[in-house]
Ligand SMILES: Cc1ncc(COP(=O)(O)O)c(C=O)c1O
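First, one chain by itself: the form predicted on its own, in structure tokens.
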């Protein structure tokens, strides 16, 4: 059962510079959640819905790739707050930034950015978000989270589409009066095309385009918007290239059919929204050709093309944006982001700029302190060549998963990934739950996605030796299930 570890789960100790802000391995004192976590959970039950809480954390003691809980358990974190920690816990560069007295004002005073931004805000945007802008996009709209980023991006697409239909941006009196009572033409019958398996957020517009889990959508009214199939690829890819190409062609044909059908229904498709890898829906991939063809379909039918990079952006696929793997000069009209970018928002082409003040607006519209942190995160990524590291450790991770899949064919299948953005399928949901809990008790934090997948979402400072620590523990857990 353990023959694998003889030839490849061998790892060197961490280099000395790493150990200062990273631990040398997991250390477990109790099962998780431990006693202290359970007591805190009971206190918390009176103030919030706590059903989803796993355990309580000690963020002061967490370092690098390791999350420490309130019972003193130290776990290698390969889930990183649902893929939102860019360079690990308590990175020295970020702690130094926070201790600089010149930054206190930014932390203490949170402005309503849309009306009263600080003087340095344009410069901070240039240093942070605009320095990593996707190809062809020089504009960015900051927001607080992924859902409000997508929600406002949808509004931007609708506004753009209606102005295009009018031939100008001056609404009629009828537009203005009818929108106040939710009627056409002021509230037009437009739609956004999304894909089965998608996750774009939990606000009302986003939910209408989210199709990954019933619990997200249950009891909430929705829009009559078209839903296209997302390709279901067969693995290994090289053995099924013909079948996968046929599957992608089928899905693209369905997209065009739906656009035509919804136009005939009087609810034309103003925009198409898609993730480069469907994350929550099960780490579903498609080829660069699929996305390039989809982009062309959007252009052909006059739909805006919105790429949702909330979970895929920030470097964990080996490129800063997952859509860079498509090799396109003009990949999208809108790219939304959050998570590893620390703030939410969306990049957009000039023509998607809101035509009047207060159309894309809320009180905070992001948070300047997050741009301050992001500028430093980007410095660390560049200085330490972290995207190259991600490619290197991603290869080690996927190769390890291939080996384990060969070793445990009754449990594991369909290992897949790009950079460290990897996943593997488990034989069934019950086994997956058991594996996740056993791994956690041995000091590795993982997350599920889709019906029966485990997803890997480490920080960008996840190195080869962390991969091997994980593979050893995962091998032990699988051996118990064999």
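Note that this is a predicted model, so its numbers are computed, not measured. Positions refer to the first chain, counted from 1.
FYI, the form predicted together with the named molecule isn't displayed, but the following is about it.
In summary, among the residues 191, 128, 152, 311, the only one with a non-hydrogen atom within 4.5 Å of the named molecule in the predicted complex is 311. 199 is the sole member of 321, 199, 89, 230 with a non-hydrogen atom within 4.5 Å of the named molecule in the predicted complex. Among residues of the shown chain, residue 338 is one whose heavy atoms approach the named molecule to within 4.5 Å in the predicted complex. Remark: residue 145 counts among the residues lining the named molecule in the predicted complex, judged by a heavy atom distance of 4.5 Å or less. Though the partner is left out of this view, residue 275 does reach within 4.5 Å of the named molecule in the predicted complex, counting heavy atoms only. Proximity to the named molecule in the predicted complex, taken as heavy atoms within 4.5 Å, picks out 303-311 from the listed stretches 131-139, 172-180, 378-386, 303-311. Applying a 4.5 Å heavy atom cutoff to the named molecule in the predicted complex picks out no residue from 114-129.
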